[in-house]
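Before any questions on binding or motion, here is one chain by itself as structure tokens, the form predicted alone.
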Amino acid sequence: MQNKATDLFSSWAKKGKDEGMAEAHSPAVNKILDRILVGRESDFDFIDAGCGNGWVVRKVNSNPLCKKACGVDGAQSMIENARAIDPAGEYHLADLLTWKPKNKAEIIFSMEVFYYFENPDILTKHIVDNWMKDGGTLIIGLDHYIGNPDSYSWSEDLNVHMTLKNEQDWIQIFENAGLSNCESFKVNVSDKFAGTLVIKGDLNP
């Protein structure tokens, strides 16, 4: 029987592994955020889907155009760590498939989360319908995808479900959820790494 990803990450957070995850993901995350924030002129609200210990929320909250950034995660210890680091921040312990924000946001971000869901199309549609403002953007980063063979064993290695899809599959999921201008690109490609796959789409641009 496979473990729940939220239980796995909660156990990691208790061991302090959340800091290492943040450090490992930061090069890709920084480039993804630059893609949507550099040159932006209008203010925005921001939601991090699967926020871990909240480091991206805190980073984005420091942007002068950010009205409010919040995070949501299903791993209890991750949210506990986020609240301990940033007591004034907004962090929600909830199932991403059912949680709805009080106010929709212009930017929805997620890093290394969507493929843990058996039906990422359902998650994407839920986010588009309930989290996003018209004109908003959904952007996600993925290291587990067809095209990065180093990631193919992760599900078995960790004994958790992971949905393995290719670049076009993910674009199709975004389009099926009602997003436009859907595109994909990769960041941090090197001789040793196929790169983080980034999928981006807009709602009623």
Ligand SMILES: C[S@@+](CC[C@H](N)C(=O)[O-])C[C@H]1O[C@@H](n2cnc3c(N)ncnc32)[C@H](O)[C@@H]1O
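So that there is no doubt, residue numbering starts at 1 and follows the sequence shown. This one's a predicted model, so the numbers in the text were calculated from it and none came from an experiment.
Missing here is the form predicted together with the named molecule; even so, the following discussion is about that form.
For the candidate spot formed by 44, 105 and 138, no residue has a non-hydrogen atom within 4.5 angstroms of the named molecule in the predicted complex. In the predicted complex, the named molecule sits within 4.5 Å of a heavy atom of residue 25.
When the named molecule is considered in the predicted complex, residue 116 lines it closely, a heavy atom lying within 4.5 Å. Although the partner is absent here, residue 55 is a contact residue: one of its heavy atoms lies within 4.5 angstroms of the named molecule in the predicted complex. Of the heavy atoms in residue 21, some are within 4.5 Å of the named molecule in the predicted complex.
For the named molecule in the predicted complex, the listed stretch (144-152, 45-53, 31-39, 172-180) containing residues with heavy atoms inside 4.5 Å is 45-53.
Although the named molecule is not shown here, in the predicted complex the stretch 64-100 places heavy atoms of 73, 74, 75, 78, 94, 95, 96 within 4.5 Å of it, in sequence order.
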